[in-house]
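Starting off, we have a lone chain in the form predicted on its own, written out as structure tokens.
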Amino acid sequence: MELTFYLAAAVAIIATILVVTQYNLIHALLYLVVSFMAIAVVFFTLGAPFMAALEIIIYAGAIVVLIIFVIMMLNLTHEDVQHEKEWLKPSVWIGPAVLSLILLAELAYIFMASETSAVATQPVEAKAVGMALFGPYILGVELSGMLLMAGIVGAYHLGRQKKKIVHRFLERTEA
């Protein structure tokens, strides 16, 4: 279990560095999903399976879907669609695929290993997480929700302004 923890932590660090260093948003998003899954494995090895499930459902699921929604809202042009077709090459998805396979092998090892974790852990109930989030940390939860909403509104506004500028430019060139 200790080896699994360190391997998952290494995958999380590598994937997170690749998120920051990627120029392409979709590539960064793929590495972000791998990073979230690696962090979920870390939580699982520390004896917090509920937190691991929350990590996958909330971050790897909802946040990534939100980012994809914002990308779709920005109205990609035909040139952008051509660039997307180039992303289907193996050189693009091989990195996230290798890191994901490492995590899958770790997960299989965890389920096949019969020994328990060396760290004495207690399971965290869903009620305790809810009471903590909507108790002393309610301000942080509400602020993060407002920050996500501001990001969506800002992305919509920027996408809409870009469309207006292109439309005005096309009107001037036709006249």
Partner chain sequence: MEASAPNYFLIVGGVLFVMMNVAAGLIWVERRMLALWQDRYGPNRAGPFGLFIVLADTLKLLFKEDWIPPFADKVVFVLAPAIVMVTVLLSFVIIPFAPGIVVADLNIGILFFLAMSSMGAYSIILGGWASNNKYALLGAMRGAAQMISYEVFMGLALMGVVLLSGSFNIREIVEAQRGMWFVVPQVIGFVIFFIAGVAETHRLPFDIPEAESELIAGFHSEYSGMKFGIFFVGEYLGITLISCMVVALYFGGWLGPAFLPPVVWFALKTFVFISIFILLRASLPRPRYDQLMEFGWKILLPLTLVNLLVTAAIVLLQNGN
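Just so it is clear, the structure is predicted and the values come from calculations on it, not from any experiment. Think of the rigid core as the biggest set of C-alphas that the two forms share within 1.5 Å after superposition. Residue numbers count along the first chain shown, from 1.
Although not depicted, the form predicted in complex with its partner chain is the subject of the following passage.
For the three marked residues, P49, A53 and I68, a heavy atom of each sits within 4.5 Å of its partner chain in the predicted complex. Residue heavy atoms within 4.5 Å of its partner chain in the predicted complex occur in exactly one stretch of 36 to 44, 142 to 150, 128 to 136, 103 to 111, and that stretch is 36 to 44. For the chain shown alone, N24 is a contact residue for its partner chain in the predicted complex, at least one non-hydrogen atom being within 4.5 angstroms. Counting a residue when any of its non-hydrogen atoms is within 4.5 Å of its partner chain in the predicted complex, the hits in 47 to 64 run P49, F50, A53, I56, I57, A60, G61, A62, V64. Once both forms are overlaid on the rigid core, the distance between the two CA positions of A10 between the shown form and the other one is under 2 angstroms. The Cα-Cα distance between M149 and L25 is lengthened by 3 Å or more in the predicted complex relative to the form shown here.
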